[in-house]
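Have a look below at one chain only, the form predicted on its own, in C-alpha coordinates format.
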(Lines give C-alpha, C1' and ligand atoms only; values in the text may rest on other atoms or scores of the structure.)
Protein backbone atom coordinates (compact mmCIF):
# COMPACT_ATOMS: atom_id res chain seq x y z
CA UNK A 1 0.00 0.00 0.00
CA UNK A 2 2.86 2.34 0.79
CA UNK A 3 4.41 1.74 -2.63
CA UNK A 4 1.07 2.49 -4.28
CA UNK A 5 0.81 5.82 -2.43
CA UNK A 6 4.39 6.66 -3.34
CA UNK A 7 3.71 5.86 -7.00
CA UNK A 8 0.59 8.04 -7.02
CA UNK A 9 2.44 10.94 -5.42
CA UNK A 10 5.32 10.61 -7.89
CA UNK A 11 2.88 10.60 -10.83
CA UNK A 12 1.20 13.72 -9.46
CA UNK A 13 4.50 15.50 -8.85
CA UNK A 14 5.71 14.57 -12.35
CA UNK A 15 2.56 16.09 -13.88
CA UNK A 16 2.97 19.18 -11.70
CA UNK A 17 6.60 19.65 -12.73
CA UNK A 18 5.64 19.33 -16.39
CA UNK A 19 2.93 21.94 -15.90
CA UNK A 20 5.37 24.36 -14.28
CA UNK A 21 8.04 23.85 -16.95
CA UNK A 22 5.63 24.12 -19.87
CA UNK A 23 4.12 27.32 -18.49
CA UNK A 24 7.36 29.07 -17.50
CA UNK A 25 9.90 28.10 -20.18
CA UNK A 26 9.75 30.16 -23.37
CA UNK A 27 9.80 27.53 -26.12
CA UNK A 28 6.20 26.94 -27.18
CA UNK A 29 7.29 27.62 -30.74
CA UNK A 30 10.84 27.80 -32.05
CA UNK A 31 12.72 28.59 -35.21
CA UNK A 32 16.28 29.21 -36.25
CA UNK A 33 15.95 32.90 -35.41
CA UNK A 34 13.99 32.83 -32.15
CA UNK A 35 11.46 31.39 -29.77
CA UNK A 36 8.04 32.37 -28.51
CA UNK A 37 5.83 31.29 -25.68
CA UNK A 38 2.91 32.42 -23.57
CA UNK A 39 4.70 35.44 -22.13
CA UNK A 40 7.40 36.71 -24.46
CA UNK A 41 8.65 36.46 -28.06
CA UNK A 42 12.40 36.56 -28.60
CA UNK A 43 14.33 36.72 -31.86
CA UNK A 44 17.79 37.41 -33.15
CA UNK A 45 17.99 40.23 -35.64
CA UNK A 46 20.86 42.42 -36.77
CA UNK A 47 23.27 40.52 -34.53
CA UNK A 48 21.26 41.21 -31.36
CA UNK A 49 18.69 39.38 -29.26
CA UNK A 50 15.35 41.20 -29.07
CA UNK A 51 12.34 40.25 -26.91
CA UNK A 52 8.78 41.58 -27.04
CA UNK A 53 5.88 40.78 -24.72
CA UNK A 54 3.27 38.37 -26.07
CA UNK A 55 0.30 40.69 -26.39
CA UNK A 56 -1.24 39.56 -29.64
CA UNK A 57 -4.80 39.07 -28.49
CA UNK A 58 -7.30 37.66 -26.09
CA UNK A 59 -6.53 34.07 -27.02
CA UNK A 60 -2.98 34.20 -25.64
CA UNK A 61 -4.36 35.61 -22.41
CA UNK A 62 -6.86 32.76 -22.30
CA UNK A 63 -4.01 30.24 -22.71
CA UNK A 64 -2.04 32.00 -19.97
CA UNK A 65 -5.06 31.89 -17.67
CA UNK A 66 -5.92 28.22 -18.15
CA UNK A 67 -2.27 27.16 -17.79
CA UNK A 68 -2.02 29.06 -14.50
CA UNK A 69 -5.35 27.57 -13.40
CA UNK A 70 -4.05 24.09 -14.19
CA UNK A 71 -1.03 24.67 -11.94
CA UNK A 72 -3.20 26.06 -9.14
CA UNK A 73 -5.68 23.19 -9.33
CA UNK A 74 -2.91 20.59 -9.44
CA UNK A 75 -1.19 22.13 -6.38
CA UNK A 76 -4.52 22.26 -4.54
CA UNK A 77 -5.15 18.66 -5.49
CA UNK A 78 -1.82 17.54 -4.02
CA UNK A 79 -2.52 19.52 -0.84
CA UNK A 80 -6.03 18.06 -0.59
CA UNK A 81 -4.64 14.55 -1.07
CA UNK A 82 -2.36 14.92 1.93
CA UNK A 83 -5.19 16.45 3.98
CA UNK A 84 -7.61 13.68 3.02
CA UNK A 85 -4.96 11.04 3.62
CA UNK A 86 -4.95 11.91 7.31
CA UNK A 87 -8.59 12.94 7.82
CA UNK A 88 -10.62 10.67 5.53
CA UNK A 89 -12.47 7.76 7.09
CA UNK A 90 -11.43 4.21 6.32
CA UNK A 91 -13.00 3.09 3.03
CA UNK A 92 -13.52 6.68 1.83
CA UNK A 93 -12.63 7.79 -1.67
CA UNK A 94 -10.55 10.77 -2.69
CA UNK A 95 -13.28 12.37 -4.83
CA UNK A 96 -12.34 15.99 -4.13
CA UNK A 97 -8.68 15.38 -4.87
CA UNK A 98 -9.52 13.54 -8.08
CA UNK A 99 -11.93 16.24 -9.19
CA UNK A 100 -9.35 18.98 -8.77
CA UNK A 101 -6.72 16.96 -10.65
CA UNK A 102 -9.10 16.13 -13.50
CA UNK A 103 -9.99 19.83 -13.74
CA UNK A 104 -6.27 20.65 -13.91
CA UNK A 105 -5.87 18.21 -16.78
CA UNK A 106 -8.85 19.72 -18.62
CA UNK A 107 -7.40 23.20 -18.17
CA UNK A 108 -4.03 22.23 -19.63
CA UNK A 109 -5.77 20.47 -22.52
CA UNK A 110 -7.86 23.58 -23.18
CA UNK A 111 -4.78 25.79 -23.17
CA UNK A 112 -2.90 23.53 -25.57
CA UNK A 113 -5.90 23.29 -27.91
CA UNK A 114 -6.40 27.07 -27.95
CA UNK A 115 -2.70 27.57 -28.68
CA UNK A 116 -2.78 24.96 -31.43
CA UNK A 117 -5.78 26.48 -33.15
CA UNK A 118 -4.83 30.15 -32.79
CA UNK A 119 -1.05 30.10 -33.20
CA UNK A 120 -1.06 30.06 -37.04
CA UNK A 121 -2.38 33.65 -36.92
CA UNK A 122 0.49 34.73 -34.69
CA UNK A 123 3.47 32.47 -35.37
CA UNK A 124 5.36 32.61 -38.69
CA UNK A 125 4.94 29.57 -40.94
CA UNK A 126 8.55 28.40 -40.65
CA UNK A 127 8.30 27.96 -36.88
CA UNK A 128 7.73 24.59 -35.24
CA UNK A 129 6.14 23.75 -31.93
CA UNK A 130 8.73 23.66 -29.16
CA UNK A 131 9.33 21.34 -26.24
CA UNK A 132 7.26 23.40 -23.76
CA UNK A 133 4.22 22.89 -25.95
CA UNK A 134 4.94 19.16 -26.11
CA UNK A 135 5.40 19.02 -22.32
CA UNK A 136 1.98 20.62 -21.91
CA UNK A 137 0.45 17.85 -24.02
CA UNK A 138 2.35 15.21 -22.02
CA UNK A 139 1.15 16.77 -18.74
CA UNK A 140 -2.47 16.41 -19.83
CA UNK A 141 -2.70 12.59 -19.80
CA UNK A 142 -0.50 12.34 -16.69
CA UNK A 143 -2.78 14.70 -14.77
CA UNK A 144 -5.89 12.95 -16.11
CA UNK A 145 -4.59 9.50 -15.15
CA UNK A 146 -3.59 10.63 -11.68
CA UNK A 147 -7.00 12.27 -11.23
CA UNK A 148 -8.77 9.07 -12.25
CA UNK A 149 -6.57 7.06 -9.89
CA UNK A 150 -7.52 9.41 -7.04
CA UNK A 151 -11.23 8.92 -7.81
CA UNK A 152 -10.86 5.13 -7.82
CA UNK A 153 -8.53 4.99 -4.79
CA UNK A 154 -10.00 4.03 -1.42
CA UNK A 155 -8.38 4.76 1.91
CA UNK A 156 -7.29 1.67 3.76
CA UNK A 157 -5.98 1.19 7.26
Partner chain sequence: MLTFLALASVVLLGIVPEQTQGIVIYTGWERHALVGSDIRLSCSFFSWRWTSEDVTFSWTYRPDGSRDSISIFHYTGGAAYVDNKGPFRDRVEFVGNPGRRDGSILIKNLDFSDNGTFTCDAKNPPDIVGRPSSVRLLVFEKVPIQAGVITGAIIGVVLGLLVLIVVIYYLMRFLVARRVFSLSVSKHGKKKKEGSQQRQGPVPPADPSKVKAAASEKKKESRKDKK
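Numbering follows the first chain given and starts at 1. Model, not experiment: these values are computed from the prediction.
Keep in mind that the form predicted in complex with the partner chain is not shown, yet the notes after this line are about it.
*Asks:* Mark residue 68 yes when one of its heavy atoms lies within 4.5 Å of a heavy atom of the partner chain in the predicted complex, and no otherwise.
*Replies:* Yes, residue 68 sits close enough to the partner chain in the predicted complex that at least one of its heavy atoms falls within 4.5 Å.
*Asks:* Should residue 116 be classed as touching the partner chain in the predicted complex when contacts are defined as heavy atoms within 4.5 Å?
*Replies:* Because no heavy atom of residue 116 falls inside 4.5 Å of the partner chain in the predicted complex, the answer is no.
*Asks:* I'd like to check something about residue 107: if you look in the predicted complex, is any of its heavy atoms closer than or equal to 4.5 Å to a heavy atom of the partner chain?
*Replies:* Although the partner chain is absent here, residue 107 would touch it in the predicted complex, with heavy atoms inside 4.5 Å.
*Asks:* Heavy atoms within 4.5 Å of the partner chain in the predicted complex: does residue 62 have any?
*Replies:* Taking the distances in the predicted complex, the answer for residue 62 is yes, it comes within 4.5 Å of the partner chain.
*Asks:* Counting only non-hydrogen atoms and a 4.5 Å cut-off, give the residues of 86-112 close to the partner chain in the predicted complex.
*Replies:* Heavy-atom contacts to the partner chain in the predicted complex: 87, 89, 100, 107.
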